[in-house]
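A single chain, nothing else alongside it, follows as structure tokens in the form predicted on its own.
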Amino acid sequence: MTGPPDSSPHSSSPADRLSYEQAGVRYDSIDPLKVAAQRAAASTAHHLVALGFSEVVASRGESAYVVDVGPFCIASIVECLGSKALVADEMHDLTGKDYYAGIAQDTIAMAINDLITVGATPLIVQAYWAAGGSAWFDDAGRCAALVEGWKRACDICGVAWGGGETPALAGIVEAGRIDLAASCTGIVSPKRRLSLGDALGPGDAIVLLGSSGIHANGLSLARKLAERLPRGYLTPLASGTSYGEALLTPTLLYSQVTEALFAAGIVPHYCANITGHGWRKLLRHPAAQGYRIHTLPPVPEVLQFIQHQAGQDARAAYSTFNMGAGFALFVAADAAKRAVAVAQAQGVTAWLAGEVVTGAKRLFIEPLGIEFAADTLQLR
């Protein structure tokens, strides 16, 4: 077990601390719209019945939506990259290097890592690349890197790239910028692969899969922090890499792990993609039960740097960033060690990190003495 990261803030002055809200992201404003949209969307499910299909009700509020089409289920998701492309643009201006191959993988990972939480095998990816004007596409090298990285990520996941949309949206998207998004459709076959938490319960083990860095969440705060640093994105970390380079490490793709688990006969009882809201995502399932973490993965250097420089305590950091854990598997206790071995065989670090317990719905991170109650994550 690794020791917990230094939770002492960089400065004792509250004025020096930097929160996600100060960076312009307030989940208290965003989440109510998500809940309202979900409720309105649920009222449209009857349209499937006319086609002989039905929604899997338990997938409402999960990372992917699932429809039962008879012999198997279909899952779907759409996700955007967010502001990580802005870091790539700034680093290109500073270094002359192109980072769009990695940015492409980030975008696909945002969709595929959500899709696989329900037990789906990814089938098709569609691209949405909306630029602030036609001039964005004049940079042939950048466009080639985006295409190359997108195809490579599809090949890693064994998914077909079906097509997409490349609008030039001057006046909507800022000139010189691009908004990247991906949708993904997958199949749950056989249906016993479906992992929506029906079997989740006390005694289950929590296996955490390692992250490669910040992934693609928390970039608004990370970019705001760069404004405070004397050398900005070129500020060196202890390892010698620059802050900007570390931020642009591509997000890991976890579909190879979930496919290998199913091949090994391990069907997770539940999965969580640890993205926005940080470790609070471990509370995503609506059941009234607790989650106890006893082992922490090592925190990537760039996240340690952000926590220290932003003056965040451990609670703030773990409620914002992945802190070294990009994905969570909830599996039967007797399958936990095998699940860790399967992940590691795919080149992804993994830890038996905790267990599901009886009691009130809460997440307790024992090494840090942090508790998140049920009301800290409102997604339904």
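Remember, predicted model here, so these are calculated numbers, not experimental data. Numbering starts at 1 and runs along the sequence shown.
Although not depicted, the form predicted in complex with a further copy of the same chain is the subject of the following passage.
- Across the proposed site, L234, Q344 and L368 without exception lack any heavy atom within 4.5 Å of a further copy of the same chain in the predicted bound form.
- Only one listed stretch (243 to 251, 136 to 144, 200 to 208, 276 to 284) carries heavy atoms within 4.5 Å of a further copy of the same chain in the predicted bound form, and that stretch is 136 to 144.
- Proximity to a further copy of the same chain in the predicted bound form, taken as a non-hydrogen atom within 4.5 angstroms, holds for one residue of K151, H294, K97, R192, which is K151.
- Though a further copy of the same chain is absent from this view, in the predicted bound form it lies within 4.5 Å of a heavy atom of just one residue from A264, C80, L229, A288, which is C80.
- The shortest heavy atom separation between H47 and a further copy of the same chain in the predicted bound form is within 4.5 Å.
- Although the partner is absent from this view, Y270 stays clear of a further copy of the same chain in the predicted bound form, with no non-hydrogen atom inside 4.5 angstroms.
- Interface membership of F305, defined by any non-hydrogen atom within 4.5 Å of a further copy of the same chain in the predicted bound form, is ruled out.
- Contact between P300 and a further copy of the same chain in the predicted bound form is not found at the 4.5 Å heavy atom cutoff.
- In this stretch, 289 to 313, not one residue has a heavy atom within 4.5 Å of a further copy of the same chain in the predicted bound form; the partner itself is omitted from this view.
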